[in-house]
Ligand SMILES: Cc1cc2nc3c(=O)[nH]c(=O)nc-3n(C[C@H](O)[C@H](O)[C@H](O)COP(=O)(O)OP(=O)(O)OC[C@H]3O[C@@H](n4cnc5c(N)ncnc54)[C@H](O)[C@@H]3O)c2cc1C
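In the block that follows, a single chain appears as structure tokens, in the form predicted on its own.
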Amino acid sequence: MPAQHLNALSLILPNTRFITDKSDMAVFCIDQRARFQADAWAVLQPSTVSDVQALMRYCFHENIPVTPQGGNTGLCGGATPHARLGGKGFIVSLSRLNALRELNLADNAITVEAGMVLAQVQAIAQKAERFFPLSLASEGSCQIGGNIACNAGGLNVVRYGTMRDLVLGLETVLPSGELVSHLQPLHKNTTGYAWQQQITGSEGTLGIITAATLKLFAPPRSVLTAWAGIDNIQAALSLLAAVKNYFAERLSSFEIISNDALQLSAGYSRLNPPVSAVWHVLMEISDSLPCVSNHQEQLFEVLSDADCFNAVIAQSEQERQNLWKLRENISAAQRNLGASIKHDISLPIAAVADFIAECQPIIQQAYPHANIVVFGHLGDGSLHYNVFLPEVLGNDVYRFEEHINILVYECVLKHSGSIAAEHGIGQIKNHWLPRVRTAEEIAWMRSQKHFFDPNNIMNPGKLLPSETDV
């Protein structure tokens, strides 16, 4: 790092931790999958909002690239510096900006700083007899700022929506260092364009999120968890419609799991599969009232009416945890197969069956030995569609990534789906953006980016396609 920058920043950032040793920086410079890796001058860890402002003022004036980073759990390279920067610039880690600002039970809201880990938000809400519904496999390490930047989804979207639906207010430092803070827990506000809606999902390209006010809910006092074996996706869709029609908003999760995914997780988790089937559904019904016995009888009726007799209902909290462990350990269990080409996609729920039926033969025609592991959130139409090539070890599989992506994404687009459901675009999918957004939409995005960040210092190379890709 040029000495003048280090000297200047040391003077103006008294509360910031500087990491300049390459070995100490390494964990910040590579993504979770070891898919993207790039150097930076230093990792800066501010602990106050005023330090974030001072840092951005300096970088804005000196035209220095900044890569914001939360828990670094993303899968699209959004929190890793772009290689084309050639090691120039700073990674700004928000991990020390992690305080609880306010717990407001009258408004069912909590205000936290961006570096707070998701699991801690959940714990604070639980202690106050409230519930924060965002739930992810990485919740023990991902941070709220990153969840907002990528509009995270997770297990409970079918009832509570994505992160965009859970944000009441945001505090953001712009590239210029100016602070825009609207943290009031307003449930209605029609004063023009919604600032927080634009920042949510912007992947750190418009500013650095420093705090957020989030919605809380009544805690579930009765929870019913069931696992059903089914013959095909169409049967799962029929069951989803029946459960939603009967239980309405009480249905919080409805997961689809291929048998290959289940067998991987069962071996990894050292648990027996609950039932034997080609496909599996894990569903959860919750209520703020203690009436689980009634719900169990009702669910048995719904399953029976849907001709779904290959099912189990958890009879204890331990049984419930074991069912969810089988679902949540799929990602970890896949590592035993090596690196994969991952796809975080969404489709109209009615199109999921056709997509799965059509896509697998296309892939296996090109790659006859490919293993395809499918699981995801059928209740909101999003899937994790992961392709493994057994004959290719480690990260060498990524040389086939672009071709496999074309096969998968073309099929997704044919069925009016999206190439990014809940993990964002990052640097891995931005060249696909012109296929899913119109030229007018991309021009609008660029205009917003240029207005807030005329020097393109905020997370350059992410989200928006390069000019040559349009």
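Small disclaimer: the values here were computed from a predicted structure and weren't measured. So that there is no doubt, residue numbering starts at 1 and follows the sequence shown.
Keep in mind that the form predicted together with the named molecule is not shown, yet the notes after this line are about it.
No member of the trio Q122, P133 and P220 reaches the named molecule in the predicted bound form with any non-hydrogen atom inside 4.5 Å.
Shown alone here, S331 lies within 4.5 Å of the named molecule in the predicted bound form, counting heavy atoms only. The named molecule is not shown here, but in the predicted bound form it comes within 4.5 Å of a heavy atom of Q32. The named molecule is not shown here, and in the predicted bound form it never comes within 4.5 Å of any heavy atom of K429. When the named molecule is considered in the predicted bound form, T111 lies well away from it, no heavy atom lying within 4.5 Å.
None of T73, T200, S252, T225 but one reaches within 4.5 angstroms of the named molecule in the predicted bound form through a heavy atom, and that residue is T73. Proximity to the named molecule in the predicted bound form, defined as a heavy atom within 4.5 Å, holds among A236, A261, V167, C142 only for C142.
Remark: of stretches 347-355, 103-111, 152-160, 278-286, the one touching the named molecule in the predicted bound form is 152-160 (heavy atom within 4.5 Å). Annotation for 195-224: interface residues with the named molecule in the predicted bound form are E203, G204, G207, I208, I209 [heavy atom within 4.5 Å].
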